[in-house]
Structure formats: structure tokens, C-alpha cells
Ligand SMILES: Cc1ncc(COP(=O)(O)O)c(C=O)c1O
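In the form predicted on its own, a lone chain appears below as C-alpha cells.
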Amino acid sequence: MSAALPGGRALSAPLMGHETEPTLFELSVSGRRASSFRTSSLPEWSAEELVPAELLAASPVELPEVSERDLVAHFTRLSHRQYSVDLGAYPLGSCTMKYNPKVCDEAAAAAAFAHVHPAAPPSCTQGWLELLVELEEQLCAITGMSAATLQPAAGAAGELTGLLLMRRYHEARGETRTRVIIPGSAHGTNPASVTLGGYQVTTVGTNERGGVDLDSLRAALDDDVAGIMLTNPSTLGLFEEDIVEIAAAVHEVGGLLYYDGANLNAILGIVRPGDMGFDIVHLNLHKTFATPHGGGGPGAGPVAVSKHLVQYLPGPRPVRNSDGTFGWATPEHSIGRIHSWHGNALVLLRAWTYLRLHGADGLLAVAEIAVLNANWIKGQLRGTYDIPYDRPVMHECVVSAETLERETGLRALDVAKRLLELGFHSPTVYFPLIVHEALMIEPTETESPQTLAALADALLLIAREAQEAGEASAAKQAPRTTPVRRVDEARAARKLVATYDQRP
């Protein structure tokens, strides 16, 4: 077969063993098939004319040849080395690592949603827009806010968005404020977000019951304070008993209240941040409303606001038109877009599905069971572990290994490592920073009584081992049954060695 190309050059197409003209045009380089594609009549070129000589391989490329059986076995073994919320209890405090219903994943995988291009015009995305509008309305009903943006990609993005809204609000009033207050028990990302938002951090103390110290707060308040960031319930698992007084004090100097929604699952259907006096509320949909959390994402951190901040929300926003259709609109004084397209849309779809699945009564049950589970496990550990603020908790409880460390040498880190051997992911350790040898345990609402009992028994066993064996406790060498044994975490953080394995 031969054919002419523009310019009159020709390329021979080897028949590859065919006695008649082949239906596949196959280009051969040094006796190796480089590419093939179906054609009816193609021109002739030599390989040397198509590819510069210096780029031609001198020998066949060595590609691994692995059977399907070996490949499946390899990835299955890797998966068995990982711990996940689908495998067992994951009581990582402050992170709400809970089992998520698979129906939400099924909804997100539906072609009618997943295959829609984000650049499609509103006339072609009415279903998506209706869903987003409904989700915003539901989140506002839950939080007591007037409107929300669904753009932020996760909690930290929601925090920054809230701080930008806070800045725009004060600028519109002709004010330049430089400080944001956070409590000593603040969620870990709050100080970083305050700094990234261009503010200075002012930390206020904690009272004997684990709440914000009102005297410390009032001493820090003046007309230079832009607002306060609070997690309620706090990272101590405690509800701020003085939240009404806190809100009044901050509003009195013209500041705004920002609600970190990391722990919202403890108050669903019980109390709304808007009723507490908050002006800005961020929500972690990937914690509270059914997207598997961890592994770097994806997440969603919508920010809801009270009426006086709606005009500053990021845009465009999905809206319900007067004729019943749906479209996009940008608030008059919007701070602008803070995420490409419409946020992590499939995470938003999961949250919408979760809300429709549970309804108001179901969401209330989520909060009630989460609170019940946290208080139950705290009660089981009382007398063995220290309880720094011993009053009813909300979604999580913070206990301490301080006495155990003093009497047996057992530290919170040892407890966490030993739990891995006993089949549980460890809780958060050494946080919040105001609790020495802290273990922050969040059982969530999705664990069964049997699993909670097994977790409590494991924690009690670890303490008993230490009391009997002291420094010879098994926890000091743990974990011994995991693919990676204990590492020097402080040294690894300070002297990270990352190398590229160039072995053949």
C-alpha cells in the first residue's frame, strides 16, 4: 500500500504478515510497533522523517509485565495495611471520622449528576441548581442564618472566607480593625486562618469549667477587635455556657462572632448558632454530612451568614428565580469568587442526600446519639484516666494520662500506639494544648454499643498493663504488629528525609 501526502512524500506501510491490504495502518520503528489506528488510505512517511533521530529509542522500552492476579493481590495487600472508617472505630477527636452511608456515594456516582460539565449554561443544569439552592436553604435552617455560600472547599477555606467577610464588613463601615480573638481551646486551624486573613491573634484564657474566661475576654475587647472565632461545642467537647454573654460583649465593641462548625454534629436540631448570637457560620459537610473524611479531601466548607452580611458573600451564587427556574447571581458587594466553579459539587450532593435521608428527626437523633456515646465512654474511663473538666460533654470527651505518666511512665502517645495493636485507630493526642497528656476521643454517632464497649475495654487494658508492668508495659514498644513499627516522630518532623528510589 502506498499513498501520497501533501508535498509528494511517501510512507511505506508494512503488511505485518498480511497478503492483502490491511485495515490497520501500523507504523513500525526498528521492528517495533509504535502506534496503530484505523484508516482507509494514509500517506507514507519513514520513522526517521517523523521523529528526530536523537529521540528514537535504541532498544525496546522495558515495561513491566504483571499478571492480573499479581496486580490484584498487590493492591489488596496494600488496602489491608490501611485503617479506615469502613473497617472499624476511628475515634479521632475533633475530626468526626465516622461511617458514612453508601447511598450518598451512590447518589454522587449517578451519571445525571456526575457527568454534567460545570461550564454548562443554567438552562442545562436546572437540576443541579435546584439541588444547590435546596442545600443552602436547609443549611440556613439548621444554623439560623439568612444565606450561605457553597464555594469553600473545606473547613480551612471556610475559615478564610469567613475572615474575608469580616474584613469586608468592617471596611464598608470605614473601620480598620487588626485583631481577632480566639480561646485557648480553639480548633487548631483558627490561629493560622486569622494570620492568613491579615489579622493578629489575641488568645483569651479558659475558666475552671473549660469555657471562655469572661474576665480575660472583656480585658481583650476594644474597638480594634474585628471579631472572635469560637468552636461550640469546643475542642474540649464542652458547650460554652456563657455564649450569650460572650456574644453581647463582642457585639458591644462592634465585633462579629464567627462560628467554627467542626463540631456541629453535637447540636443538630437542638440549638442553632444564629440563636447563640453568631454572625458567620462555617460548616464542615465532610465531617457532619456524609463524605468520608481524611486522606486530604475532598471536602466542603460552606459559610452561612446573618442578614447584614449577605451582600458580601462570594459569587456567583445559585438562586431561585421569580418564575420558578434557577440561575446564578452575584451579591452587590461580593468579596468575589473563592473557589473555581461551584465548589466541590459532588460533596455537596452527598450532603444534600444525607439531609434528605435523615430529615429533621433523624438529624436530632444524630446529635443525641453522638452526645450519649461521648458521655458513656467518659464514664467508663473515669477513675483510670484523668478527666480535666468533669462535666457533661457533647460530641467528644478529653481525658488525660497525666497521672498514669507520673505513676507508671505511660504517656498518651504510648496509649495511642498500643491501641493500633488492639484493632482501633488512636484518638487525637496532645490536643487541645491546654490539657497535659491529652487524649481527645470522639466516638461519633455511628458506632455500636458493642464497639464502644470494646474500645473502652482496650483503653482500660492499656492502663492496667502499665500499672502492672510499669516501664516494661507493652505500650512502650507498640505498635509491633503493624507494617511500620514506631518511629521517632519528633525527629521525623524536624529532619524529614525524602528520597527517590532509583533501583531498577
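None of the values given here were measured: they were computed from a predicted structure. Numbering starts at 1 and follows the sequence shown.
What comes next is about the form predicted together with this ligand, which does not appear here.
Not displayed here, this ligand is approached by Glu159 to within 4.5 Å at the level of heavy atoms in the model of the complex.
Mapping the unseen interface onto this chain, Gly155 counts among the residues with a heavy atom inside 4.5 Å of this ligand in the model of the complex.
By the criterion of a heavy atom within 4.5 Å, Ala89 is excluded from the residues contacting this ligand in the model of the complex.
The shortest heavy atom separation between Thr149 and this ligand in the model of the complex exceeds 4.5 Å. Distance criterion of 4.5 Å from any heavy atom to this ligand in the model of the complex singles out Ala262 from the list Leu419, Val347, Ala262, Ile377.
Of the residues given (Thr189, Thr125, Thr353, Thr202), Thr189 alone sits with a heavy atom within 4.5 Å of this ligand in the model of the complex. Highlighted residues His358, Thr444 and Thr446: none comes within 4.5 Å of this ligand in the model of the complex, counting any heavy atom.
In plain terms, the part of the chain that comes close to this ligand in the model of the complex, with a heavy atom within 4.5 Å, is 254-262 out of 129-137, 362-370, 254-262, 329-337.
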